[in-house]
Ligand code: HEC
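One chain comes next, on its own, written out as structure tokens in the form predicted alone.
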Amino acid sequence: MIRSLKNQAALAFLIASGTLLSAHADSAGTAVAPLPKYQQECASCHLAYPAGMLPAASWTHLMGSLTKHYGTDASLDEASVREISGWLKANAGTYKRVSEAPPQDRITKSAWFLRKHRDGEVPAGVWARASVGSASNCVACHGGAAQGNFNERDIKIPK
């Protein structure tokens, strides 16, 4: 009973201080509301991926190489780069699943992504479907991805 009360008190403190939200964002990659400037600039071409899906080192590299952003010039003015970079680094994943920068800083090549989308769970042919296109098209199966919802109960794999 005492342990339960202590746990409840600790939970109340974490919620009140915002620590729980930060931890949830870190472990799930989804709870932090996107920076409007990040949403405006990045979501104009692709999903504004939750900052917690990559470690700070990946975001630093990506923001420092916008002239060659996966084959596209995604250059921004210096003020926007500073603002977005600061927000991404502050909200980057630090949970063990995102502690290492994935190859080419691609979320879809990270160990946690590959584990969650392994064959048997997601057949390889799904990525080739016209309705999906690639593993980076999160919204094809995760309807709430733009709002940061990647809940497995809400997945609908298109035909």
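Not measured: the values here are computed from a predicted model. From 1 onward, residues are counted along the sequence shown.
Unshown form predicted together with this ligand; subsequent notes refer to it.
Q: Closest heavy atom of Lys116 to this ligand in the predicted complex, within 4.5 Å or not?
A: Yes, Lys116 lies within 4.5 Å of this ligand in the predicted complex.
Q: Could you tell me if Asp77 has a non-hydrogen atom within 4.5 Å of this ligand in the predicted complex?
A: Flag for Asp77 set to no.
Q: With a 4.5 Å heavy atom cut-off, would you call Cys45 a contact of this ligand in the predicted complex?
A: Looking in the predicted complex, residue contacts with this ligand include Cys45, since a heavy atom lies within 4.5 Å.
Q: Quick one: is Thr108 in contact with this ligand in the predicted complex, heavy atoms, 4.5 Å cut-off?
A: Judged by the heavy-atom cut-off of 4.5 Å, Thr108 is in contact with this ligand in the predicted complex.
Q: Report whether all of Leu35, Tyr95 and Val98 sit within 4.5 Å of this ligand in the predicted complex, measuring from non-hydrogen atoms.
A: Per the other structure, none of Leu35, Tyr95 and Val98 touch this ligand.
Q: At a 4.5 angstroms cut-off on non-hydrogen atoms, which residues of 105-137 are near this ligand in the predicted complex? List them in order.
A: Counting only heavy atoms within 4.5 Å of this ligand in the predicted complex, the contacting residues of 105-137 are Asp105, Arg106, Ile107, Thr108, Trp112, Phe113, Lys116, His117, Glu121, Val122, Val126, Trp127, Val132, Ser134, Ala135, Ser136, Asn137.
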